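This document opens with one chain alone, in C-alpha cells, the form predicted on its own.
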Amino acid sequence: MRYDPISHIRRFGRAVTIEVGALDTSFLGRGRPLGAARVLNAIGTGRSDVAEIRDYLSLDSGLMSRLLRSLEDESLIQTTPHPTDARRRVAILTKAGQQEFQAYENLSDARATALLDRAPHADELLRAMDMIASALGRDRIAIEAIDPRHEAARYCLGEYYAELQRRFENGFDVSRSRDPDAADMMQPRGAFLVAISDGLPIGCVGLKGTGGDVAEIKRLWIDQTARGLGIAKRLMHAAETAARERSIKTLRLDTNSALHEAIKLYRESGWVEIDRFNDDPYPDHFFEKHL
C-alpha cells in the first residue's frame, strides 16, 4: 500500500467526522443532528439574518429551510420578516432555544476539555488545529477595524510582543519602544485592524496617525499558524485604504532585521527604504510609501 498525501488527508477527514459526531442522529445526545445544532449555535452566537447564517454554514437553501423548520417545530427559534427588507428573514432563539444553546455550549466545552486532557501533546494539537482551521477557512477570514484597547487587539499585541522577545537578539521591552498611544490608532487619526477567523483574532496591524498627511504602520503581526495565507498583504492593503480615507499622503514604518519576512513583504509591496526617522532602539530598517 502506498501512503501518499491523499491517504493522510482522507484519514484525517474520517477521524474528524467521527470525533465531531457528524453522522450522529443525536449530536451530543440532544436529539437532533449536527446540522440543526450548528444552525442553533449560529443564531445563539449573534447571527440572525437567515441568508447570513446560510452563507456562514455553506448550506443550500433547501437544507437551510428544513433545518429552520425543524427548530421551529421544536419551539427553539422564531423566524420573522427582516425589519427593513421583506425579502429577507431573521431568526431568534426562544427561551427554550436559549436553554438548548447553553446546553450545547456546556457539552461542547466538556468534549473539548476531554480531548485536550487525553492528548499527549495538547499544545501541538491546538497548533495543528489552528493551522488547519485557518487554511480551510481562508476565504472567510475577515479584516475588521476595532478599538486598540479591545480584548482581541490586546491579545494580538501581547502575542506580537512575545514574538519580538523570542526573536530579537537582546529581547524586547515594550516600555523602551515607541509604542503608539491608543488614540493615535483610532478615528479620526488612525485605525487598528484585526484579521478574524471565525471569531478568533489571528493577525493585526495599526495605522498611527497624528491628524496630518503623514502616518505610520505599526504592529503588523500574523499568528504563526496562519502565515503563508496572504493575511499580511490583506492587512497592509486595508491599512493603506484606511490611510487614503483619512487623506494621508505618506506612510512610514520601521522594523528589525530579525523580521526578515516582514522586510521581504515591504520591499515587494512598493515600500522604499529611507533614513532613520525616530529614536526607537529596536528598529534598524526604515521604509516609506507614497499613496
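Predicted model only: the values in this text are computed from it and were never measured. Note that residue numbering follows the sequence shown and begins at 1.
Keep in mind that the form predicted in complex with another copy of the chain is missing from the display, and what follows is about it.
In the predicted complex, no heavy atom of Arg66 sits within 4.5 Å of another copy of the chain.
Taking the partner from the other structure, another copy of the chain in the predicted complex has no heavy atom within 4.5 Å of any heavy atom of Ser269. At a distance threshold of 4.5 angstroms between non-hydrogen atoms, Tyr155 is in contact with another copy of the chain in the predicted complex.
Contact between Arg118 and another copy of the chain in the predicted complex is found at the 4.5 Å heavy atom cutoff. When you look in the predicted complex, the only residue of Met129, Ala162, Ala142, Ala182 with a non-hydrogen atom within 4.5 Å of another copy of the chain is Met129. Comment: another copy of the chain is not present in this chain, but in the predicted complex one of Ala135, Val174, Val214, Ala96 has a heavy atom within 4.5 Å of it, namely Ala135. Only one segment in the set 165 to 173, 196 to 204, 85 to 93, 182 to 190 has any non-hydrogen atom within 4.5 angstroms of another copy of the chain in the predicted complex, and it is 196 to 204. Shown without its partner, the chain has Glu105, Ser108, Asp109, Ala112, Thr113, Leu115 in segment 99 to 115 as residues with a non-hydrogen atom within 4.5 angstroms of another copy of the chain in the predicted complex. Between Asp24 and Ala110, the C-alpha separation shrinks by 3 Å or more in the predicted complex, relative to the conformation displayed. The gap between the Cα atoms of Glu124 and Arg38 is larger in the predicted complex, by no less than 3 Å, than in this form.
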